[in-house]
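Below you will find one chain, with nothing else, as structure tokens; this is the form predicted on its own, and questions on how it binds or moves follow later.
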Amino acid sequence: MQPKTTRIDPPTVPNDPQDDSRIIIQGGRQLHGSVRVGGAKNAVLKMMAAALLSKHTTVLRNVPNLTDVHMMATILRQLGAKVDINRNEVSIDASGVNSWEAPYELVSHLRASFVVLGPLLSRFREAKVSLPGGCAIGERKIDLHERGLKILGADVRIDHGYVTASAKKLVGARMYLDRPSNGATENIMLAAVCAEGTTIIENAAQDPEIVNLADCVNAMGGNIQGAGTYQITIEGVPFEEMHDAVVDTMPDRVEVGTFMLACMATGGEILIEGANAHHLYSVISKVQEMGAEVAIYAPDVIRIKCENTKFKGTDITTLPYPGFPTDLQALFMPVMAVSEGTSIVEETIYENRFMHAAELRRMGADVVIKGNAAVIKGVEKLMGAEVKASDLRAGAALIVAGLGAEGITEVTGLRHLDRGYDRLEEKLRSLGAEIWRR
């Protein structure tokens, strides 16, 4: 069997990836008011891939308008799906999916798209997906993906930059992941949805986005239990029994953290609506330890107050969920840079996730990198400067730094920022920030 190939059209995205625009920030403006966060990028992309497990229509709500979402839509269309994006809703009709190959031209633009490997293998018993290539923040291994699919009965080969998996049938099995990898948990879980029998994944990733993905699959007719815990159990169901579904995307916990850190950098008091504090206890604990006041209002509102607060330094070690999230360590650094004493950030997930440190030094921060740790000594203030984002979270960190700095900061490299934030500067303006894009 050969996968059907069609012409690859360039993706439709809200902002041109080659855009050389910049964000300008006049620092020193306190934030006040309320802001509503959107759906989680890291959840919706995987649920879009899961739509391949049905010949029917999957509707995802509370979807942010991000370049990554548009890129995933392009990949699904390449596979034969009909994808409609209307405001914050994505409709995916997978009845016409007729290809099991995701080519390099598309996968290279979106690492998260590698998760189509599992559902394609589950649906066609064949899948060919390009290796996603390098990543600015560090190596992302696929060894656990490969091992897990082999345990389910697939023949997995890596040749000429592609992962090819095939199986006469997939049979459920028990497996242990050497580390709680999000991507491996997702790919194995999705591959097992239509396998014969029971699959048990031990030492699975426990992130809330995994729970959202399992809820999506279950709404489509799958049977996944234990998502969000150490052990996930998947009872295989026939592909023919998978059906249409409507699923809500969870709040973006990284966006919630971004607004909390923006408020700390500038002072003021804000309400963050649409949040889920249960996803952020490790972050809230550190924010409070540094001196901010945090109140949690049921069911989905967090208040943070830090007017006239002099923050104290703290130490952070990034760990798999429910530990401190690697996606937020960069955003803490601008606040640590103007806090009393010395702070230490130890990065245990990605080896190259301190590239924002050099840009913060341009703004006056005292940051020294020692292996996988950053030592930050507090200074009186940061000064505005021209800086460039090296990756998504580095871009957000530089905006947080600019909001609290004296003078004007110009941030370039916005193609990274637009991958993960929907209208960030507009939301910050609504809170009183002087920030605009040109």
Ligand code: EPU
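Since the structure is predicted, the reported quantities are computational estimates derived from the model, not experimental observations. Residue indices: 1-based, along the sequence shown.
Only in words, not in the display: the form predicted together with the ligand, which the text now covers.
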| query | finding |
| --- | --- |
| In the predicted bound form, Y350 touching the ligand (heavy atom, 4.5 Å) | yes |
| Contact flag, T67 vs the ligand in the predicted bound form, heavy atom cut 4.5 Å | no |
| Contact of L392 with the ligand in the predicted bound form (heavy atom, 4.5 Å) | yes |
| 4.5 Å heavy atom contact, R174 to the ligand in the predicted bound form | no |
| Answer range among 296 to 304, 175 to 183, 149 to 157, 278 to 286 for contact with the ligand, defined in the predicted bound form as heavy atoms within 4.5 Å | 175 to 183 |
| Heavy atom within 4.5 Å of the ligand in the predicted bound form - residue from I272, L144, A81, V338 | L144 |
| Option touching the ligand, based on a heavy atom within 4.5 Å in the predicted bound form, out of D244, D215, D327, E101 | D327 |
| Residues in 35 to 59 with any heavy atom within 4.5 Å of the ligand in the predicted bound form | K41, N42, K46 |
